Structure formats: structure tokens, C-alpha cells
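Read the single chain below, which is given as C-alpha cells and is the form predicted on its own.
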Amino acid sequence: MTQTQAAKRPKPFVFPEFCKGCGRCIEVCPKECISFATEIHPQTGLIPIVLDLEACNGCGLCITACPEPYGLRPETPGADFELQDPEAMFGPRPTAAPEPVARPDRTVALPELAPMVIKGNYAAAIGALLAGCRHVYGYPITPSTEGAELMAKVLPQLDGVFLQAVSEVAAVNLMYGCGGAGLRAMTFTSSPGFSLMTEGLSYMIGAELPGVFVNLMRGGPGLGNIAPEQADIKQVCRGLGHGNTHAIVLAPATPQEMLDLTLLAFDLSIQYRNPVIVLGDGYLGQMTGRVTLPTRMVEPGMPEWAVAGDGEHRRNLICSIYLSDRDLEEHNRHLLAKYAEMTSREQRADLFYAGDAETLIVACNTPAQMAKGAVQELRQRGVRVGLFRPVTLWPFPIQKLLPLLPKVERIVVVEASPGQLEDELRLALSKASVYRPPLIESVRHYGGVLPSQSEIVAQVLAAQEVAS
């Protein structure tokens, strides 16, 4: 072959974003024109090949050896293989649609009604209805099923939708689509079902979509049992799917708070474009209590970012994928700023005899009721003890706790888990630079057994005797 004939043959051109880094082309090249690059390609996470075509004779063996159809291609004279961003080249996609404008919610006054005596699950469902939720997706699981059952009966009469999905995985993805349309959606679930939803939760957080998850914790791990436990605290505060994910976690302690905090959850979810978790325990969903309805209900509007399927919102896009590492880093910076705003503005706690307490009990959900009874009993005995009940588990209400610490000598964490609430407390203290907190003790049970009032009283009195 003459040098002129070799020059006419096309030489290879590599698309690094398609190269799998297998090295087959390197092995077959007779002129050693191909080698591995020195850096990972940001779009693939692989090390592609690079070409030095000075000695290339255009034999085409590398192209034949390449298993990826578009990794190595013959170079076409005059062709420009540089990838271009269409928006950078041609400007934004032309559309006649106007810029979307938010339609605000409307508040509707309710008549004064007598209090009801209902289950916590029903109270949460009513709170969702009053918040303007008309779309519920879920899969039955004890001890949360009654909330879904009530929604299945009521929503068709309110032009709403209840859909029993084929699984919890399907349910959370239905919530993704509904939230993307700018509509208020929710689900009722319990611990094993919530675990299945965490992948979809990560997608919702990444795409900045609202949605409310009522998780009534039950005994675990695995299928465990249907009795109450609090061992999902670590999951909801530190494990909401992969990636940089957080959501506000509200921890009700009574059927009344099941209603009130579910109502609040929808407001926060829309405000921050982020899922919100209402975290109860099995007893809280099943126990009956006195519930007073609020004086208002919400008639939802439409957020400007929604993909609503109409001409007004045609410009919008919902997704959680960013192929450029720089773009994804910027998106994560945006999420971190939003989490910081949540942490600053949304810390909530309920204090009971905590102002002068030397011993402070920390508890949430149903165990907080036992703790409250223990405080009342101990106060009658002259013991200066109080209750600090975090209403938000994430963000932990450390700013509400810090002013109490100068008088507190001892903290007793009461929980139905192996220290998951205590871990949140300790982490919050550390982040607040409290490196020498009061002595922290615990009263714990597992597997569906809840701490009792008598156990809490005995723990506090025993500590008092040791101190004296």
C-alpha cells in the first residue's frame, strides 16, 4: 500500500462519552496509536481511550474491535464531532406559552363542630382532606390501613382519587407523578412498606416534589410484628434513600396532633417543594382520642413550577437527573441551602414543666404520653423534672433545648428503640458545640413493647438517690 492510499483511508475518531474503556482497540492497533486517558470522564465514570494519529495508517482494526457502535468511528472529512448544547446554539425552545404564574391557595372557613372521638389514622386522613389533598396512593399494611380505607370511601364523593397500587414501590412513583402535576398527594404506610418507598423518596427530593408520607412504625427488623416501635427514626432522619436527602419529620403524640401535623405537613411540603414525613407509632394510629377540627380548610391553587399538562405550564420540566457533575453539584448546593432553611425555621418542640427542670425527660410519640404522666407523678413528689418533646425529629429542635441546659443535670431519653432518638439528640448537641452535655441515661424497649410510666419514675428516682 502506498502512502497516498493510506492517507485516503479515514482515520478513527473517538467519542469519549461512549467509550467503555475496554482496551480492545489498544490491543489490535499495529502502530500503537491508542492509549488510555489519564482522567476519568465525568459523564461515564470510566477512563476512555485517547488517540495519537500521527503514525495511524487508517487500517480500521480499532473500529472493528470496538464493541460500542459509537465509541470509535471513521473520521469524516470536514465533519464537526463536538457535542453542542442546542439551547446554547439556538436559544431557548420557542413556545407561545406564557410564563407560568402561581395560583395561590384559598382558605375556606368551616362551621364550628363538636369534637369527635376517632382513631389516629382517621384523624390524619381528615387532616389531609382539610389540607386540600384529593389524591391518595398506597398499599394496605397494618397498623396504618384505616387511614387509607377512610380515604377510599370519602375521596370519590369529593372528585378525588384513591388508588390501591400494586406495591409500595408503585405507590411512591404515583406520588411522584401527582406531585409533579402540582397536586397534593399522600400515602399511609408502616415500617416495611416505608422501606420500599425510600428509592422513590430520593427521586422526589431530587426533583423537588411535594408529598406527605404517614408512617406508623411497627416492630422490626424484617416483617417483625404489628405492635408499636420507634425504630424508624434513624431511617427517616438519616436514610431517606440514596444521595443527599432530607425531609422534615413531624412526630405526633396524640390523635389531635395526627390531624394537626398532617395538615401542617402539606403546607410545609408545598412551601419547600419537598416530601414531609408524619412519623407515628402503631398505637398512635390505632388509639382513639378526642379531636377538635380546625376552623379552616384549604382549597389548593396551582404552583407555577407544576407540569400540569396545560398550555400555561408548558415551559416546565420535572426531573432529578443531571448528567454533568458540575450541574449536579450545583443542584446539591441548592438542596443544602434549602435544608439549612428548614433547619433554621422549622424546629418545633413541646415543653412540659421544663423551665426549672434539673432532670429532663426526652421522648416523642406515644412514649411521650407515659413520660408526661411520669413528670406529673414526680412533680407531686417534689422532684424537679420536666419533659422535652421534639415535635420535629428532623430538624431536631436543638435551639429549643439549649436554653434549658444550664439548669439540667441529667437527661433521660425514653424510647421504644435501641437509642435512635438518643442518637439524634447527641448529634444535635455535638453540632451545637455542646461537648459536655448533662449526663444522658435511657429507658428503652424494643419489638413492640413500650416504656411504662412506672419505669420512667423508677429511673429518675434511682438517679436522684445516687446523686444524693
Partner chain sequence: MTTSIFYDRFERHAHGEGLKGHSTHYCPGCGHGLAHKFLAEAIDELGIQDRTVAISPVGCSVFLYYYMDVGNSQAAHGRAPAVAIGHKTANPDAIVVSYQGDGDLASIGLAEIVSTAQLGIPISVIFINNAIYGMTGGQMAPTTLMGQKSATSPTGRNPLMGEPLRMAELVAGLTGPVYVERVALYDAKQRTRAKKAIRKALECQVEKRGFSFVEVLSECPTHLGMNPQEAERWVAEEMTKVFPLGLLKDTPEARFPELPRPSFAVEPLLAAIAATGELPERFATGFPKHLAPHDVALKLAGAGGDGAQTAAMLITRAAIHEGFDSTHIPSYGPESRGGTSYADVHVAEREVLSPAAANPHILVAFNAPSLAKFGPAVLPGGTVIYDSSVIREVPPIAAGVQVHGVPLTQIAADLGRVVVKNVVALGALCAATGLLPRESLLAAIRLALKDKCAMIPLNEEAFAWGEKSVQTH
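Computed from a predicted structure; not experimentally measured. Residue numbers count along the first chain shown, from 1. Here, rigid core means the biggest group of C-alpha atoms that superpose within 1.5 Å across both forms.
Not on display, but discussed next: the form predicted in complex with the partner chain.
At least one heavy atom of residue 17 is located within 4.5 Å of the partner chain in the model of the complex.
The partner chain in the model of the complex comes within 4.5 Å of a heavy atom belonging to residue 158.
For the chain shown alone, residue 64 is a contact residue for the partner chain in the model of the complex, at least one non-hydrogen atom being within 4.5 angstroms.
None of the heavy atoms of residue 339 is located within 4.5 Å of the partner chain in the model of the complex. Of the residues 382, 104, 309, 221, just one reaches the partner chain in the model of the complex with a heavy atom at 4.5 Å or closer; this is 309. A heavy atom within 4.5 Å of the partner chain in the model of the complex is found for exactly one of 245, 235, 274, 366: 366.
Between 341 to 349, 260 to 268, 163 to 171, 393 to 401, the stretch whose residues reach within 4.5 angstroms of the partner chain in the model of the complex through a non-hydrogen atom is 163 to 171.
The candidate spot formed by 178, 321 and 373 is fully in contact with the partner chain in the model of the complex: every one of the three has a heavy atom within 4.5 Å. Annotation for 425 to 443: no interface residues with the partner chain in the model of the complex [heavy atom within 4.5 Å]. Residue 446 shows a C-alpha shift below 2 Å between the shown form and the other one [criterion: core-superposed Cα displacement of 2 Å]. Annotation for residue 47: C-alpha shift of 2 angstroms or more between the shown form and the other one, rigid core superposed. Residue 25 shows a C-alpha shift of 2 Å or greater between the shown form and the other one [criterion: core-superposed Cα displacement of 2 Å].
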